[in-house]
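As a starting point, one isolated chain is supplied in structure tokens, in the form predicted on its own.
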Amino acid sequence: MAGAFKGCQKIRGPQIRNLLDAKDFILLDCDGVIWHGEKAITGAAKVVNSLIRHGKNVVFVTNNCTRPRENYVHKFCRLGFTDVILEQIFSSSYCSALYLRDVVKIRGQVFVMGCDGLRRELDEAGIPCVEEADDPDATIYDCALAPDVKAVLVGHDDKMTFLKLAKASCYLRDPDCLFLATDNDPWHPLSSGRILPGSGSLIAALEVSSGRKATVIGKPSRFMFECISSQFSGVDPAQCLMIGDRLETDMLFGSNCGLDTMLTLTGVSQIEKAQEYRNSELTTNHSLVPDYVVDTIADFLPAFEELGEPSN
């Protein structure tokens, strides 16, 4: 259905089984789809492990740039996703490192506004980063600016300071300095009902101060899918299913890449918003509409029961 008029089709049971039979690659978001923080969504580990054991190519595409892929492997195992390996994980931090190393072939330092996990992925790829060694009382008036900064990379930064923003703005005055972002997620839900500002909020501030627009590496950009296609053979968009919980990120990513899309209702977006986009007169909103909807990834379990695999 990718590229056609989308209808938010709610599917269960045999319909899910028929859809899985038609797909070779299953792309999964993580937060809100297979887990909430440190708690796996009920049935998610069983579904993921079963998909892998039945020969599906399962790939995880996450905009969470706060941890390196190695740490993700530990989290998958800790939460019961025992069949997941490093090569199946594509985070926005990992893909940002690939972009800097393999696409732009960066020759110089990168100024990072982000967590240690992002820096570790860059280090693994051999990308030199500016070291932060300012005096606690330093200001933009008297701090040192690193030479040879060829890119500013913005991700989630829970230690964001005005000085970091000011430094990045100075570096971006050089038109040859790239302005990159791991993702543009505006916010993330917390279990307490509060929200956490996302990378998109930091990008917005820097876009205003620099007068430039960032190139986004993560979803909904196509680049993450290009990374997957370069590392797996035989990736055909028509044989892929993108499963996510956020219309403006996951569903748009799938649409941009020509993939069928599925919304799970265990995360950020709900079906009412999808239907609103479907009925919108703005054709651009139709790219945010999923082809299929399930209440939870656990709705896949009956499909494996039909194959003689118990659901518990």
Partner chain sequence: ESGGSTRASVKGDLLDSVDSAVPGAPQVINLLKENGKKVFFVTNNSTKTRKMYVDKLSVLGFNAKEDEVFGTAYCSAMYLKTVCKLEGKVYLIGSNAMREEMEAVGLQQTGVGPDHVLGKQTDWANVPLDPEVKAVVVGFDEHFSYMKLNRAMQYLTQPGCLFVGTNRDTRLPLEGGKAVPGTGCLLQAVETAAQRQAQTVGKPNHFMFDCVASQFGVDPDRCLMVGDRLDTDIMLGSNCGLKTLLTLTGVSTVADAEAHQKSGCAERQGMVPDYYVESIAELLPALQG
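The structure presented is a predicted model; accordingly, all values stated were derived computationally and were not measured. Positions refer to the first chain, counted from 1.
The same protein also has a form predicted in complex with the partner chain, omitted here; what follows describes it.
Enquirer: Considering 190, 103, 238, 86, which brings a non-hydrogen atom within 4.5 Å of the partner chain in the model of the complex?
Expert: Contact check passes for 190.
Enquirer: Just one of 177, 79, 160, 125 has a heavy atom within 4.5 Å of the partner chain in the model of the complex. Which one?
Expert: Flagged contact: 160.
Enquirer: Is it the case that residue 108, even though its partner is missing from this view, gets within 4.5 Å of the partner chain in the model of the complex, heavy atoms only?
Expert: Residue-level check for residue 108: no, no contact with the partner chain.
Enquirer: Taking the partner chain as it sits in the model of the complex, is residue 209 near enough to touch it, meaning that at least one heavy atom pair lies within 4.5 angstroms?
Expert: Yes, contact at 4.5 Å.
Enquirer: Contact with the partner chain in the model of the complex for residue 149, defined as at least one heavy atom pair within 4.5 Å: yes or no?
Expert: Contact with the partner chain, no.
Enquirer: Can you work out whether residue 213 and the partner chain are in contact in the model of the complex, taking contact to mean some heavy atom pair no more than 4.5 Å apart?
Expert: It does not: once the partner chain is placed as it appears in the model of the complex, residue 213 has no heavy atom within 4.5 Å of it.
Enquirer: Which single stretch, out of 116-124, 217-225, 181-189, 70-78, brings residue heavy atoms within 4.5 Å of the partner chain in the model of the complex?
Expert: Among the candidates, contact is made by 181-189.
Enquirer: Where, within 187-206, is there a heavy atom within 4.5 Å of the partner chain in the model of the complex? Residue list please.
Expert: In sequence order, 187, 190, 194, 195, 196, 197, 200, 201, 202, 204, 205 come within 4.5 Å of the partner.
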